[in-house]
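A single chain comes next, written as structure tokens; it is the form predicted on its own.
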């Protein structure tokens, strides 16, 4: 059975006397302008790919299958013994991401199951010890960089395989009572696991070149038998991350929301905020992570897949509120993207090929521009162009309340064809003056062959 290698156990055992962090490192400080500059590439990119891939792809029934079915290490072992993604071609993954219009990607170097896609020195529970016998992460990094995408790692703070990770309420062997937890955790030492966590994060941030993003996931400190900043030694861990990769962007799940420099962006999961996410009344960088269906890992029989229009609306609406979208793919155990995922990525890519100008570098529209009916607005502050995404195609004309005198030219974005603007609505039988301040766009009667047409407004 895969286990921590002996040399690693001996090394980690040296830390067993520690009961927790002894000193807190100082996190680097920066001004708001400095942080905006550091995150600028990310806020301009707006669209990235999340990839959840691990042994759970073989179970093909949710990445939390070990927890949901309360599987023991022995019951989970066959997935390790038979992990052989012989069709794995990260270059194909990278091409699909780029062609879909994504600018960056984040992959699960290690998820909660504890299995590592990389050739870690601190465990035997890794891809190089499975039948595939390859550092899958290194191949992925090289392939995605070659396609011009920024790269990021997801690393699970939870670990359901490590012998010293203490059983908690999210563990597959979670218990019913405090006494049961005491019994299950006899001989387990979180100090040893903390060092293991730190050592692996160091490996990831020193062995694969420049890493643009790291997801450290996740804390659950409230309630009984949870884990938070003390369990991970979060401030010292983050200080190390910042030291090793000074420009890296870090998510918000270390239980450090109240610590200056303790996070870079908020990360609502499977959730669409109603408006720009704020902290203490101030707008902050944010990114929603979303799935095509209901799970993150490959789930063969899961059928609640979003259609291409739903996914495009999700992307546009996110940008219209100043956020990023990280859209997840769960590859199969043979190393391919499910055909359903491929179809949706292709559809998104077709739209982005001619409409990405309304996404990249865009954000929420200024308050002076009301949102027309059945539309979403995005705004490029550098070019001062406003983008009207028409979710429901109007019958010939679209009234834009309050836009009169603010627009110098309009065109459909996908083909740069002119859209005439006026301040009245005219038909053969009736003319209707627009209300004061209204602008009228005259559009084709027939919807263009674009999933969601976009009108580009050049502002005065």
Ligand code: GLC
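Residue numbers count along the first chain shown, from 1. Keep in mind the model is a prediction, meaning the values are calculated, not measured.
Just so you know, the form predicted together with the named molecule exists too; it's not on screen, but the next bit is about it.
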According to a 4.5 angstroms non-hydrogen atom cut-off, is residue 393 in contact with the named molecule in the predicted complex?
-> no
Does at least one non-hydrogen atom of residue 145 fall within 4.5 angstroms of the named molecule in the predicted complex?
-> no
Does any heavy atom of residue 253 come within 4.5 Å of a heavy atom of the named molecule in the predicted complex?
-> yes
For residue 269, is any heavy atom within 4.5 Å of the named molecule in the predicted complex, or not?
-> yes
Full three-residue contact with the named molecule in the predicted complex, heavy atom 4.5 Å, for 41, 104 and 149 | no
For the named molecule in the predicted complex, the stretch among 24-32, 408-416, 394-402, 59-67 with residues bearing a heavy atom within 4.5 Å is 59-67
Heavy atom within 4.5 Å of the named molecule in the predicted complex: which of 337, 193, 154, 83 fits that? Just give me the one.
-> 154
Could you spot which one of 289, 241, 136, 329 gets a heavy atom to within 4.5 Å of the named molecule in the predicted complex?
-> 289
Partner contacts for 217-233, taking the named molecule in the predicted complex and a 4.5 Å heavy atom cut-off = 217, 218
